[in-house]
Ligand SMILES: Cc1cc2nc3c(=O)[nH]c(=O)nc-3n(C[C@H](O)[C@H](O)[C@H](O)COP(=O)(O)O)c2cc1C
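Read the single chain below, which is given as structure tokens and is the form predicted alone.
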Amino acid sequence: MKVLMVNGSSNEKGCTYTALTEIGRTLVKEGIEYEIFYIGGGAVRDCIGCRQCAKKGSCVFTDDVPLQAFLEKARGADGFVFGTPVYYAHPSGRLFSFLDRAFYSEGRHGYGAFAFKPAAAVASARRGGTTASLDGINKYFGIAQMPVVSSTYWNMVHGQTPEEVCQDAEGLQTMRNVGRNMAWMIKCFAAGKEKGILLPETEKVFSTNFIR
């Protein structure tokens, strides 16, 4: 069993990474592996809605981030954590662009890499903007049929540096509880599969256009 985490910060080993590793340590204690996927600090192309991924089988852009490598890992993952720093009360723009392309290209076959797998959003901020950032990331889970992993507070840590994040006792506690809840959900889903409980049937027949 494995959880794939995405570090959406431009700082590979910064505050977001610190929050993710706290979750990771807890997962390991619960017998769950984890991997942190860093999308890099450079510019990330936005999704342009060309719909070519439906025909080509992958995003047409291949020169900025290893999107296909991520999706290959995602298809074998049992759960996800998407981490972001807060910029002007919203998630990292590179993470939004990355997730738009990842979810859009997987949507061609019913969000195959993501559907029915538990997911958590994590935000790191010096002070404010965390709840708006979490709300933005959680929307991906809602459209892709992903159970949301909660905790004992909103999934956030505070601090301007990793050292300051390590002083946020409640924030780190929240991360550990995210890890425990994630591990519990993954194990419950696995037990259900062993008992023959099938995934729910998904209807994908109608797509209403309100412009007539």
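Numbering starts at 1 and follows the sequence shown. Quick caveat, the model's predicted, so the values are computed rather than measured.
As for the form predicted in complex with the named molecule, it is not shown, yet the points below apply to it.
- Stretch 122-130 is the contacting one of 94-102, 135-143, 68-76, 122-130, since its residues have non-hydrogen atoms within 4.5 Å of the named molecule in the predicted bound form.
- Proximity to the named molecule in the predicted bound form, defined as a heavy atom within 4.5 Å, singles out one entry of Gln160, Ser58, Gln167, Gln173, which is Gln160.
- Using a 4.5 angstroms limit between non-hydrogen atoms, Ala89 touches the named molecule in the predicted bound form.
- Contact check for Asn11: a heavy atom falls within 4.5 Å of the named molecule in the predicted bound form.
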